[in-house]
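A single chain, nothing else alongside it, follows as structure tokens in the form predicted alone.
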């Protein structure tokens, strides 16, 4: 199977999906290739924070302006992906008020709306906060569902003719003088090899950017910064809680559906494929996070996970938190003499659309086309659909039926509808597209039911025990770092179930 197109986009995160949607709406043919599933990199391994830009207002005003501008746009085009919780930058006694005053001035300069709250006012909104806090500043932060955001960008692109190839990777790039002529690719499931020819190539692989550039002998300065996070068993806060001080470890708690996500760390790595959450990081996150929300000390955690931030380095800096969270768009024609290769990296999830717009503008400029971007005004396909926890409870009450996942109230009907409409190629693809395995038991009780649904639908490919064992091994990576207290008892129960029933 050989393919010809106008633009080949490598990387199926938010940026890559956003670029293919932007180009499709401009009428430019393109193909997106991703070695895993959509959102399997940093786009699916983050806080789920819907940035106002407040976090960067003092140290990185340009990135902050980008965040608050895109914050307003996404509220209009993707309201179903966002929970408008607001956020609170909390000053504790040990922080003092000097940074708070600086923060208020910086937010005003970049256009972030703020409200200063005294101790009693913020505690009435967030009763779990440290009662000794001095004050808090309210900003328009929120929570965002990154999986739905990426999937809907990709779905809209496909509706406009884009071809998306998942579980397929670029193995080499074919050069023809000062241009990339094509990409040799491999289907990682079937083992088939094929070539994609394109007029322009976009490297939107984030932390993997240098792995693609290495294929043509190029490299950019990049810091790979690991951020580790913990998921609580219950939702501890209504709004996003930030520590009102310069960004540091364990200074933010994001509410996400039925849980809260505590983070994060910043540790430089060299290997983008192999990393884990360490016990020291877990201890640090609990110790520092509990200074804002004391209940964190006694709460039960259900998972630890980490993502890799791709930070562009114009010069080496000792502290990764001093590196800008803005994005960089590199035209390799100007930088390296390779006429049709572009790299886009860095940035935040909330700025994905702007990153896609700038990349698509550059492609149009190279093509000599004067077609304007429309993603800022065209809502995503599901924008009119109600979303959120309350809506899910309504649906559950209206039509009960068989439930596959008790923790997240995922009905069998939802899974069967997904299987009937999506071309899913891997077991994890299903988990990315539903709330399955995201609740308290982390898939311990629902995944074997999912395998039963797949078997009944005659859609189970491969050995079911091998698939189940693979899932449990992956699940264990997130469970092991937080294994104490009640979590130990539940894990022993799940171990007995799988040893007794499935002979694992």
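Everything numeric in this text was worked out from a predicted model, so none of it was measured. Numbering follows the first chain given and starts at 1.
One more form of this protein should be noted, the form predicted together with a small molecule, which is absent from this view; the next part is about it.
At a distance of at most 4.5 angstroms from the small molecule in the predicted complex, none of the three residues 260, 411 and 448 contributes a non-hydrogen atom. The partner is absent here; in the predicted complex, the one residue of 182, 255, 227, 247 having a heavy atom within 4.5 Å of the small molecule is 227. Of the stretches 431-439, 468-476, 448-456, 47-55, only 47-55 has residues with a heavy atom within 4.5 Å of the small molecule in the predicted complex. Taking the partner from elsewhere, residue 140 is found to have every heavy atom lying beyond 4.5 Å of the small molecule in the predicted complex. Heavy atoms of residue 208 reach within 4.5 Å of the small molecule in the predicted complex, making it an interface residue.
Using a 4.5 Å cutoff between non-hydrogen atoms, residue 35 counts as a contact of the small molecule in the predicted complex.
Put simply, residue 292 is far from the small molecule in the predicted complex: not one heavy atom of it is within 4.5 Å.
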